[in-house]
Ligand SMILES: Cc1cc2nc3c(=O)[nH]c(=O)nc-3n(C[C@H](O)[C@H](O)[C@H](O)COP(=O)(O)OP(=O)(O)OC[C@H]3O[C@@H](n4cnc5c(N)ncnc54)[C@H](O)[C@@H]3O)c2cc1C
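Quick setup: one chain, the form predicted on its own, written in structure tokens, and binding and motion questions come after.
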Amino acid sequence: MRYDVIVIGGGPAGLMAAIFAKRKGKNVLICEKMPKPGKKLLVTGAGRCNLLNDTLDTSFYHPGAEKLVASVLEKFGKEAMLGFFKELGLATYADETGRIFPATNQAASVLKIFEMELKRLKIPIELNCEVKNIHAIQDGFELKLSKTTPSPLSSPPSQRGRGQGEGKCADIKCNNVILCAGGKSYPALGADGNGYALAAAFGHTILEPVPSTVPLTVKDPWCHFLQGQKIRAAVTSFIQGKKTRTASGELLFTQYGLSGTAILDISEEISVAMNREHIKGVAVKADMVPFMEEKELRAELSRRSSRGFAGAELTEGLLPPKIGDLLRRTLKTSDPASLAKILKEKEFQITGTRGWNEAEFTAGGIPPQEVDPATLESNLQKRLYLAGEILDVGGRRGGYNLAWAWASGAVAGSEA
């Protein structure tokens, strides 16, 4: 059997691509290396699935990807996404920050409505099946497939492909391929970067993938003493003394260093500098009292000191007691000006980042310039389309990466 479209990867972009190709009347097959599709989708948004954002435009993606993102979002933007989910029966809501979630607050609900639509459209899925090679043939491709594990009957017969449950996949031919193999974050959930080699075989450039939206490693006694402590803070990254990005949010001290939403939001430039470009001299400065200007904080500390307060009492009510205890133990001065300076500009020298198992996203992959922005077809190989995180578009945290997956999958599926 020869398919019109084979979708490689059963993640968010792949599921969208398959549905939209099938709705165009194409004969579609999904090849997924995991026992079930959508495994990574289940952990998005801390299990709540941050579907997209109420503010959705190119400013939340890499500057080099603006043309591609603009073209794709013009064809399948916020209203189209919300309409699609409503059509499938998924109720949604936006929180106070503009992040849009399923009304159930469960990623499992999102995956379930996709499974229902795949069943309705009778789209088969070849599970536990990895695509090893893609060869261009006349008017299409031949894919060499390999079983990753013995295949359980993890989907009903209507969703299983030809090789499902047989112990090996047969090689398959098709007219068009949509490559939605994702990046490298959360490898235990199937994202190991195998799609890069498939794309590179057709001449595509692969910008070295590095972990993004990832905790940072630090050797500092503050992190060890304060591990487990969370505060609201403003953090700023510096690479070789140059200020790169500032973010506000949660700062979490850990045994290995720093985490929390504020750190995740500034981590991409740090990871690229340290893991790809091997740059040293990276630091993060934390403002641990962001609700007060330094002058105001200094005056408050002076007032407390003049009333006879000392040690941890100087920061009581401003910071958690654990931080006050740390200051009492480690600082040799209780001078209000010096203390205010430390609390507003505490510097941490960054030694590296955590690995792929703790990274939410991937920075790197195939440059956006190597696909047609109108169709997502490869500029190097006709009938090969690319969608999702395999392209280096670099969406910010807050629903932007999933929004890109939905949009790019829908466009590629409609065009293939």
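We number the residues from 1 along the sequence you see. Bear in mind that the values here come from a model prediction, so they are computed numbers and not experimental data.
The same protein also has a form predicted together with this ligand, omitted here; what follows describes it.
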Margin query: Would you classify residue 378 as touching this ligand in the model of the complex, given a 4.5 Å non-hydrogen atom cut-off?
Written below: no
Next item on the list: Considering only heavy atoms, tell me if residue 34 and this ligand come within 4.5 Å of each other in the model of the complex.
Entry: yes
Check: Do residue 43 and this ligand share at least one heavy atom pair within 4.5 Å in the model of the complex?
Finding: yes
Next item on the list: Report whether the minimum heavy atom distance between residue 361 and this ligand in the model of the complex is within 4.5 Å.
Entry: yes
Margin query: Heavy atoms within 4.5 Å of this ligand in the model of the complex: which stretch in 266 to 274, 80 to 88, 326 to 334, 193 to 201 meets that?
Written below: 193 to 201
Item checked: Option touching this ligand, based on a heavy atom within 4.5 Å in the model of the complex, out of 216, 129, 177, 343 -> 129
Next item on the list: Note that this ligand is not shown here; using its position in the model of the complex, name the residues of 99 to 117 with a heavy atom within 4.5 Å of it, in sequence order.
Entry: none
